[in-house]
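Next up: a single chain in structure tokens, the form predicted on its own.
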């Protein structure tokens, strides 16, 4: 009899919980991503993210269900530029979710991306601006050109064997290269990069997004060299930052954290741009003509002033959408009205910047690489296009490395084109000269990962 009563009590509690979750919860009026999504994140969000499909499936659901979609008991996804601007505005009351961002902390010392306290984040950003501001980044040009030249030489060697796959920065961060290009020249991918890239294709719940032991040892060696006045490199983030502006350990954590975006996002974008240019011979030839006429500049202002190059790179950043991660924030105490819904304090809300890069109104045919869209200057379309172009996020969360990334890509694209004519891989040789590349199939975790190969053939000019 007692057992029967206990069974009925359990059933009653479960039923009451379900009634509250689906009908009485403050989030009950928000459409669900899946029928079981409100019960536990394990029923929809985690399995979908595990497959690398979360940021691919949610935009489809938003298109059908509206700007807010419930993806967990206390988690809401949003797809609305108006909401995005509110959440990521300067001095926004929506703070980073420490449960998520703590997974990115290196060695117990939060870096800019993983710092959750707004005041600490603002202070760190001011300190780092001495190297990352638009006026300071050009000082890194020679370092970038040297590394890009070595990369170009590798491409030439690899292309002698036929089509090459483009999918397989440390010098600025640590003052020394990590050896990735040397490893590629030897016919293999660097183990350190391979292990850290693997982590970017996992959810934090399965693996914290921190560096491997092999990488940690290498980073510690570079740090020791930087602190040695005789062995110190001429310029590096560690050399400028350690002790002078932030603590040694914080500087090391920043350097380690920036290596992920430096290897994943920029290199993925470059690979996609070169792949797209190989398919659009007409645009590639026009771009080469422009760069030749400009004298193949390496000055950032001159590069930015080459309209086709700027369009090529901006469209490449938009089209690739390499940084796929959603950016979770916490609704402040007292709640907040977003998209007409009153969300209670403590609710986790999130959105991915790359969704706005694929908005069908702002960017017609978003899956196509179409650099000409950046040369169409009608007031209405230009304003909408520019408003939705947020690859580096907005507000206080804007990626501090955006100018760094632009300079890297301007230089890399122009210097590779200076040496090589890029042609389609063997399997795509018979295309129209003005073919618009379609975004290859992919999976998206912290970073976007193409499922197949991006092959091209290179011919020396």
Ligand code: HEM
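Numbering follows the first chain given and starts at 1. Quantities reported herein were computed from a predicted structural model and do not represent experimental measurements.
Omitted from view is the form predicted together with the named molecule, to which the following refers.
Using a 4.5 angstroms threshold between heavy atoms, residue 347 stays clear of the named molecule in the predicted complex. Among heavy atoms of residue 405, some come within 4.5 Å of the named molecule in the predicted complex. When the named molecule is considered in the predicted complex, residue 424 lies well away from it, no heavy atom lying within 4.5 Å.
Contact check for residue 46: every heavy atom lies farther than 4.5 Å from the named molecule in the predicted complex. Proximity to the named molecule in the predicted complex, taken as heavy atoms within 4.5 Å, picks out 394-402 from the listed stretches 394-402, 56-64, 27-35, 410-418. The contact with the named molecule in the predicted complex, taken as any heavy atom within 4.5 Å, belongs to 269 out of 236, 269, 253, 280. Site annotation in the predicted complex: the residue of 323, 276, 312, 71 reaching within 4.5 Å of the named molecule with a heavy atom is 323. Contact annotation for 110-132: residues with any non-hydrogen atom within 4.5 angstroms of the named molecule in the predicted complex are 112, 113, 121, 125, 132, listed in sequence order.
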